[in-house]
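Here we start with a single chain on its own, the form predicted on its own, put down as structure tokens.
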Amino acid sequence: MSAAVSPEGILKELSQLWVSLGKEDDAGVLRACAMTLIMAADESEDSAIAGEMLAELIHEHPSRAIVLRVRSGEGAALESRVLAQCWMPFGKRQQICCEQVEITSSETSLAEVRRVLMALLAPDLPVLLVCRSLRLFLLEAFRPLIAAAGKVIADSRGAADPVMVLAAIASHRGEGRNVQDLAWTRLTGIRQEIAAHFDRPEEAARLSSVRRVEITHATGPVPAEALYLAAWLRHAAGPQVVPSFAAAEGPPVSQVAFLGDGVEIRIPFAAAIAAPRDCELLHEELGLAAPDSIYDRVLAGALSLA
């Protein structure tokens, strides 16, 4: 293990950080931590993105945050630094602070990173891993970090080969890991919109004549969102409903059409529903600890449609 980066050294720096924060604020600081939240990304991603996301997330999900940035290529490298994310609730005089550890690693050093991370986990609290890089998620050397988390949040959005990503998620879930895909979470508003449409008795009565659903998706390969939605609709409506896909400029899923003898029901989705912010999706997922049994069926159905 690198002499410059050890769990003992990082924990010592965190202890010194809290002492320093307490001296700087006469009212003192409140230390908040309900989980260990690991956010992994490629080193090439703008470092401000992870920082801004964590600053927003920790207000509702106070955490020991660990930001892992991984560079591609050969050569061993491992660096770290510690800092705090602090805010002052409206009308209060005392700051609330969460600790943050930033680790930069090469792919070659990922095994060493796991040993460091395991010693940094907040004791007796949930461990959540947000993987913002499909390259990392599919990397064999990254699998031990996935196995170390109680819940893993990936995102198949924008994948050149969505089916490969869905198959990898299915493989992890088959081994008992709670791996979720933000592409499925992204459909929450869309599924609610569809359900609300058919809550009307006159529209529900027309469903028996539907024989095909056509999902309009972004140009390029059929995205995971469209595959998930097709599988969910088929599960809900029955195997007699045949899914099809149509490409158009726009978000991953922009419209669904229910078609049959004398029936044409088109439901377009507003931009806010079709493309919610990543932080909104992560808020939703961080608040759900139990595995999603519906997702297992939808994932299997999406792979069968691919």
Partner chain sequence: MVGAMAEASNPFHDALRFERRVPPCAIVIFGANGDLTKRKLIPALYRLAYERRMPSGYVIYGNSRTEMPDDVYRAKMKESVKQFLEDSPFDEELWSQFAQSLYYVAGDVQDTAFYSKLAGRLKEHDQKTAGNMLFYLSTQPSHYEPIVGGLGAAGLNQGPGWRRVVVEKPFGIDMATAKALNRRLQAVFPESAIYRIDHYLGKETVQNVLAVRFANGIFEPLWNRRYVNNVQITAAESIGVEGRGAYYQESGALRDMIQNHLLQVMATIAMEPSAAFEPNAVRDERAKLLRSIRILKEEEIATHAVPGQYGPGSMGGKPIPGFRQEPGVNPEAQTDTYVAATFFIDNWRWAGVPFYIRTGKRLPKRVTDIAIQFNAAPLSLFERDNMGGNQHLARPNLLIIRVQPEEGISLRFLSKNPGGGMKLRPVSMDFNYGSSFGVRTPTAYETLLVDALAGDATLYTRQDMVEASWAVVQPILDYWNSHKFEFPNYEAGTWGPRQSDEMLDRRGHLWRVP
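Residue numbers count along the first chain shown, from 1. If you're wondering where the values come from, they're calculated on a predicted model, not measured in any experiment.
Quick note: we don't show the form predicted together with the partner chain, though the next part is all about it.
- Exactly one of the stretches 123 to 131, 159 to 167, 197 to 205, 215 to 223 approaches the partner chain in the model of the complex with heavy atoms within 4.5 Å, and it is 197 to 205.
- Taking a 4.5 Å heavy atom cutoff to the partner chain in the model of the complex, the contact residue among 246, 270, 30, 242 is 30.
- Just one of 209, 72, 192, 171 comes within 4.5 Å of the partner chain in the model of the complex, counting any heavy atom, and that one is 192.
- Within this chain, residue 92 lines the site of the partner chain in the model of the complex, having a heavy atom no more than 4.5 Å away.
- Using a 4.5 angstroms threshold between heavy atoms, residue 185 counts as touching the partner chain in the model of the complex.
- A residue is said to contact a partner when one of its heavy atoms sits within 4.5 Å of a partner heavy atom; residue 13 fails this definition for the partner chain in the model of the complex, lying far away.
- Using a 4.5 angstroms limit between non-hydrogen atoms, residue 60 touches the partner chain in the model of the complex.
- Heavy atoms of no residue among 49, 53 and 112 are located within 4.5 Å of the partner chain in the model of the complex.
- Along 236 to 274, these residues reach a heavy atom to within 4.5 Å of the partner chain in the model of the complex: 236, 237, 258.
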